[in-house]
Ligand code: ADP
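Have a look below at one chain only, the form predicted on its own, in structure tokens format.
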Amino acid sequence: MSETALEIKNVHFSYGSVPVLFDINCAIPKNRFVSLVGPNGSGKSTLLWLLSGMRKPQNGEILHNGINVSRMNIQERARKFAVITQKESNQLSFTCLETVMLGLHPHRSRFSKLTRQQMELVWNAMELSGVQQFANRNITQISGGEFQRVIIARAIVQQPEILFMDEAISSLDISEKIRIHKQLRALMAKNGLTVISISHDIDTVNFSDDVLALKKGTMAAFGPPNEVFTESFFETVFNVKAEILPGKGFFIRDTI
């Protein structure tokens, strides 16, 4: 039986008087790539912020290694979790190398010198994300897709147990998306990393181990893509007609 990365118990959340999530219950196993999917407004980003400790549920709890995530301080969370969003800021005058090095902060004192092992970690992460050639360039001088790869390298350097991605690779072309997925898979195999990723690109979700689907703030499905992706699932969650191609995926035919 696999260990649990996060246990979600009876979680509810509202923005003021507007309810967003209702009675979410789920156990996410360690060392899995989980895609969080659902229509716009279904609560995906809100759930990701709750799972990462950026927000607190009004009711229920989220546990990591038996500890309530809401009670972890910022430094504890930074040592356990890394979060990448689609809209990371690139307004600071940092080089790509300096930006990636920021991932070391949770694991070192403020004025300590970098060790050789830490610099190797930084360079390896940049190579993994394919941004080593941009090391000395300012982050304002690279493209949006290149900048997202720098941010992914920074998250790798952080050495998290769980990596949260909020449409973090949406600006990359399909070949880069596949490459990043493969590199994250390598890290998962090496370090036991768990990845939870919001995705609107349903085609790449087939690279996942599990799919967690939301519909109007409730959990519509959870499990491996080949079990979750049925014709009734696409009708219920996305209001589209789909043809399931056994062993190959699916084909979206039309709206309902």
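Please read these numbers as outputs of a predicted model, since none were measured by experiment. Numbering starts at 1 and follows the sequence shown.
This protein has a second form, the form predicted in complex with the ligand, left out of what is shown; the following refers to that one.
When the ligand is considered in the predicted bound form, P224 lies well away from it, no heavy atom lying within 4.5 Å. Within this chain, H64 is remote from the site of the ligand in the predicted bound form, having no heavy atom within 4.5 Å. Within 4.5 Å of any heavy atom of the ligand in the predicted bound form lies no heavy atom of G60. In the predicted bound form, the ligand lies within 4.5 Å of some heavy atom of S45. The chain is drawn here without the ligand; in the predicted bound form, the stretch among 203-211, 225-233, 35-43, 187-195 whose residues come within 4.5 Å of it by any heavy atom is 35-43.
Residues V11, F22 and K56 are none of them found to lie within 4.5 Å of the ligand in the predicted bound form, as judged by heavy atom distances. In the predicted bound form, not one residue of 121-139 has a heavy atom within 4.5 Å of the ligand.
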